[in-house]
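Just the one chain here, the form predicted alone, laid out as structure tokens.
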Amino acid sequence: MKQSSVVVDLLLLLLTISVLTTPAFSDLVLSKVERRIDVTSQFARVTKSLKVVNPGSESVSEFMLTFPKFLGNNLAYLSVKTKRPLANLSVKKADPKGIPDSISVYSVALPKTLSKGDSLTLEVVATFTNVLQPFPEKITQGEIHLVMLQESAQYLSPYTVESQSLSIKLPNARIESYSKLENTKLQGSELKYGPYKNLPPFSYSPIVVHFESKAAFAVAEKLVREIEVSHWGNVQVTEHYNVVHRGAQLKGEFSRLDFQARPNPRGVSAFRHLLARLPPRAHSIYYRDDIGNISTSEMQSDSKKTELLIEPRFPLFGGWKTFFTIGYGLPLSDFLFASEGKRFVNISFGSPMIDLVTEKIIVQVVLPEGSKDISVTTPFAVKQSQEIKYSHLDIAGRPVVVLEKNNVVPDHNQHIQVYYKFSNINLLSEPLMLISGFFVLFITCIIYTRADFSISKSSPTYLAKLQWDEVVATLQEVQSIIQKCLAAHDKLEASLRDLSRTGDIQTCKAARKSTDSLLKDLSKELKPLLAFLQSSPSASHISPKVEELVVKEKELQEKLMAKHTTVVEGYEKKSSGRDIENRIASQQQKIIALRQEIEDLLEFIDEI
């Protein structure tokens, strides 16, 4: 349990402080300490005004800031400034001797050495996450959201404190309970402790404040910001959010009916909106998730800012998650500048969402192809790396500067600078590539439409093709003539059937005469075709089959004529039908066999 671990840390801290008999640093004195803790959002923002005096004989150039371990582990942002002169001081984590492990220590480099009697006022801003613990940890849909803050009424410092006071700004006046110490005053939504005088080093007086918080405990478990810089006039920003409600978890079932009917008392612990404060000239804004576009958003803009109020598809109670993406375009002239022969992109680092805590942020700055000599300037420590991204019409790819940081709060939404060198000639690479591509396409089309890709009429291949086409045409004529011959044969057979039915001998003879004349004419037509096939080299493999076909057809003619003569003579001599059939039986068998052979040869030629 988080609360129990914090209590254990407090006990260890008190035990450690109780055994510290000699302060580790005694040269400096804090003549006046004013602390203010703002817990109106999901994180605690502590501002301190420290007046530092050096009464000792030795000069001091370093100041130590201390926090209880359970606070130091959740420190997201720390800034130390001086008013006169106005300057940001360097702060780094330290591990000096004599300080126990239950205390986190940070070293501040003073702008000037403090000699005996010198004084300096430091303005400290520290933001802590995960210090407002839901209590109880699980609530029903209709219960209010209560959180607990654990701090010290006295300022924990390795130096003597002559005077100090503490003010805690609460979200509202609804306070369940708070630690009542000497000089404690509650005025509306502000709780004050002190002033306390002449506190020895490492003084610590634990306090607990239990109060209602309606703040959205929205935490982005992961945020990926892709900032794509195009020298054609636009900066495209795409942000992918994985958001979870880190407040008290919902106990029991969720009732949509109760929530819609009475959203305030029956859904007060949920948050339904997130506000993103975008740059003033943001355009082409969209808000969507894996399902598609989400229409529940509102946008307002003026000359100073653009505000996007987004509403998830469903209200988020404690422990619930949602995933969405927002994107927008920015004018390049507002963010791209030149300095000392380099260009640099000056753009904000953190999320534009108000009061959003980000556990891990990945900022990807995609520079134009051809960028080189890349460097990054950030106001705080981040993990840096570089990648390559390929997009449309890219050859070498676009360099990507990747910046990563954990435990990010709105205080980190400061500007970063990405410096790089870029030649304007590289701007012409993609247009030239497109022009060249279209030019090659048009030239290819012109050549294709105007050039003759047919085979040359004098080439052996073309001549062989012509010869083969003539052979194929001749074969088709031969097939047609043979089919006509077979039709004439069928007509002659039909005349014999009519003779057996009517007994009209003269009509049968006339049919034979006309058929005989037709077959002679067809035979004359075949002669030149056969002569061509025999003389053509291209028909050497098919000519024997054609000759065989003609021979078989001639033989079939002779057999049919002989059959016809035998049948007619039998009718003239008034022979019986059985006698006639016996006389032509052998001829009929040969006729059937020849007809089958002819059809097989025709099928063979047709396949060729």
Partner chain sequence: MAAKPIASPIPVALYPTLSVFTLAIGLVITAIFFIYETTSSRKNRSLGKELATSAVASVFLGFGSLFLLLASGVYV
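Residue numbers count along the first chain shown, from 1. Since this is a predicted model, take the numbers as computed values, not measurements. For clarity, a rigid core is taken as the largest C-alpha set superposing within 1.5 Å between two forms.
Not on display, but discussed next: the form predicted together with the partner chain.
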(request) Report the stretch among 224 to 232, 129 to 137, 113 to 121, 71 to 79 that approaches the partner chain in the predicted complex to within 4.5 Å, counting heavy atoms only. (result) 224 to 232
(message) Checking a candidate spot here: are 398, 438 and 446 all in contact with the partner chain in the predicted complex (at least one heavy atom each within 4.5 Å)?
(response) yes
(message) Which residue, 537, 85, 431, 98, is the contact with the partner chain in the predicted complex, using a 4.5 Å heavy atom cutoff?
(response) 431
(request) Go through 337, 254, 286, 314 and name the one with a heavy atom inside 4.5 Å of the partner chain in the predicted complex. (result) 337
(message) So, residue 523 and the partner chain: in the predicted complex, are they within 4.5 Å at any heavy atom pair?
(response) no
(message) Using a 4.5 angstroms cut-off on non-hydrogen atoms, would residue 245 count as touching the partner chain in the predicted complex?
(response) no
(message) Against the partner chain in the predicted complex, would residue 295 count as a contact residue? Criterion: heavy atoms within 4.5 Å.
(response) no
(request) Answer yes if any heavy atom of residue 260 is within 4.5 Å of a heavy atom of the partner chain in the predicted complex; otherwise answer no. (result) no
(message) Going through 379 to 401, which residues have a heavy atom within 4.5 Å of the partner chain in the predicted complex? Please give them in sequence order.
(response) 392, 393, 398
(message) Following rigid core alignment, is the displacement of the residue 354 C-alpha between this form and the one not shown equal to or greater than 2 angstroms?
(response) no
(message) Once both forms sit on the same rigid core, is the C-alpha displacement of residue 474 at or above 2 Å between this form and the one not shown?
(response) yes
(message) Is the shift of residue 465 between this form and the one not shown large enough to count as movement, that is, does its C-alpha move by 2 Å or more after the core is superposed?
(response) yes
